[in-house]
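What follows is one chain in structure tokens, specifically the form predicted on its own.
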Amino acid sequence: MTRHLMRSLAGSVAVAALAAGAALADGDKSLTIALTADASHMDPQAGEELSSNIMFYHIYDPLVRRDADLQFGPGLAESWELVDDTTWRFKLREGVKFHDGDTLQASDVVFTLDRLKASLMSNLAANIASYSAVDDLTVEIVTPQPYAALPNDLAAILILSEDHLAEVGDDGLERNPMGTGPYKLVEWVREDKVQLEAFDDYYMGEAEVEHVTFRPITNPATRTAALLTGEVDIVQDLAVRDVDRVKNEEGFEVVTRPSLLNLVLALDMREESPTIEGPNPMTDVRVREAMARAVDVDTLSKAIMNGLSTPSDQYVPASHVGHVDGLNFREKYPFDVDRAKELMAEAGYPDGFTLTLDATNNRYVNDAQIAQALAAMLAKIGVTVELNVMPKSNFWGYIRVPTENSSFIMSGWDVPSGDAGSMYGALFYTRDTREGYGQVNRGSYSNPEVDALVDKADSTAKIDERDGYLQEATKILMDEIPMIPVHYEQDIYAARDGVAFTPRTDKFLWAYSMDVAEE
């Protein structure tokens, strides 16, 4: 059949990978992609992290599509309009098919939002007050107040089939996911492989690559070896120490691009903290500033990241709504051990204190090594850090809010919506005061002024006003330091000759935008 791909690789960063073995005997094209970890879920409302998100966007589709450069446009909805200050009307594409052959209807969108509101991911619908099916191809969504970012938010909500859920049930969706996406699940063997095949009736046209296998390979050295021996075609998160080695191998190429993922350190601000004996020193902003000044981001970049990281200037990148031009966390709180010691003494902790750092060992680039380095840096100002390092499969449940386990957490946060509001509403909004807000506020930070600014940002239909409110919130957060931003990773990929792909800003490896050279 003739396939058309509604995307272009022209002018993009293309990666070459070996064609030998990439095409099946019947002419079908295939790819094997190594990820750093297996998916946690196949149900897009059961939780999210990168490996799961990658699978979700192969199997399901949103109403609004986010492209590789964070531009938003039509997805399952071909168009939308703002009917009044709070009412949005979305027109669905006609004839979109689910993998089982059923046709997408507005009732499936309503069902998806009903289920989402009752799920662990209810925060995704925090700014949706009501919704209804006007007819089979029209959905109306009402926000609690004017809200400019609704279309961007909808890019994170993946549409389910009401009939399929009735058949398989909530538990069955993990084993038998089914959507309108470009690929169907063939097999998921946990911690071994996820096999997908192209969906012939995909509304954007059938994918060029018919068969895709994702293999979770947690060990960086093993991922590199799998690439060089031909077991896989593309590697996610090539180890920084292997970059030069792969570059020097004939038939392979390494591609990097700045990541959206901001590595951050969440500080517990409760009066009593689980791993600290006595009153919690981190309730004092001087202690938080001292800890920020003790983190040497340049050494982390050079010694651990091989230069493949960029120190964070704020909580979101300069491209995002809510970023303040000219404000730099590292200029405001430069690395200065002597000043950090003075601040500790001023706060009444000249001899420091002890706490535990919770971190992963297989989620972020060199995460375990970074945790060890942070412990050594903080020791210089008297803060004794005991490490609690674990696989990400255990980590997310361990630190889930509200947690009685954690005082100090190293994790990452990215904002593919291009808008700081979603991050601030989730991480910094006072917990248990507004439904759908503060659900990932791991440090129990609370500032009514920040809450009010987020509320104002979420109640205007004007992007420039929203930007202004969120910038004011950014300034307060930079002063109060509820979280220490560390660095943005560089996304590092390697591939074999013959495979063309363009790394996405959101780090989602999407096989639909890839191709394999014909033999």
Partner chain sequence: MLGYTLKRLLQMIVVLGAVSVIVFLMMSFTGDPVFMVVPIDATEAEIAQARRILGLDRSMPEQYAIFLKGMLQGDFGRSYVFREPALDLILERLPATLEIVVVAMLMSAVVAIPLGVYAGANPGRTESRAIMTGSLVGISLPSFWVGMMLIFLFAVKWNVFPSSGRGDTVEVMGTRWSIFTADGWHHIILPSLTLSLGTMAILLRITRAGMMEVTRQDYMKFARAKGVSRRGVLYGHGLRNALIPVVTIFGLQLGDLIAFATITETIFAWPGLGKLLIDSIYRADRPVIVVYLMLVATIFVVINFLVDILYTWIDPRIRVK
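Treat the numbers as computed from the prediction; the structure is a model and nothing was measured. Residue numbers count along the first chain shown, from 1.
Not pictured, yet referred to below: the form predicted together with its partner chain.
Considering its partner chain in the predicted bound form, the lone stretch of 210-218, 307-315, 70-78, 270-278 in range is 210-218 [heavy atom distance within 4.5 Å]. Interface membership of A226, defined by any non-hydrogen atom within 4.5 Å of its partner chain in the predicted bound form, is confirmed. Taking the partner from the other structure, its partner chain in the predicted bound form has no heavy atom within 4.5 Å of any heavy atom of Q236. Contact check for E94: no non-hydrogen atom falls within 4.5 Å of its partner chain in the predicted bound form. At a distance threshold of 4.5 angstroms between non-hydrogen atoms, I476 is out of contact with its partner chain in the predicted bound form.
Only one of the listed residues (S301, S122, Q369, T138) places a non-hydrogen atom within 4.5 angstroms of its partner chain in the predicted bound form, and that residue is S122.
Only one of A376, V189, A166, V83 comes within 4.5 Å of its partner chain in the predicted bound form through a heavy atom, and that residue is V189. Remark: all three candidate residues (E174, A426 and Q439) come within 4.5 Å of its partner chain in the predicted bound form, counting heavy atoms only.
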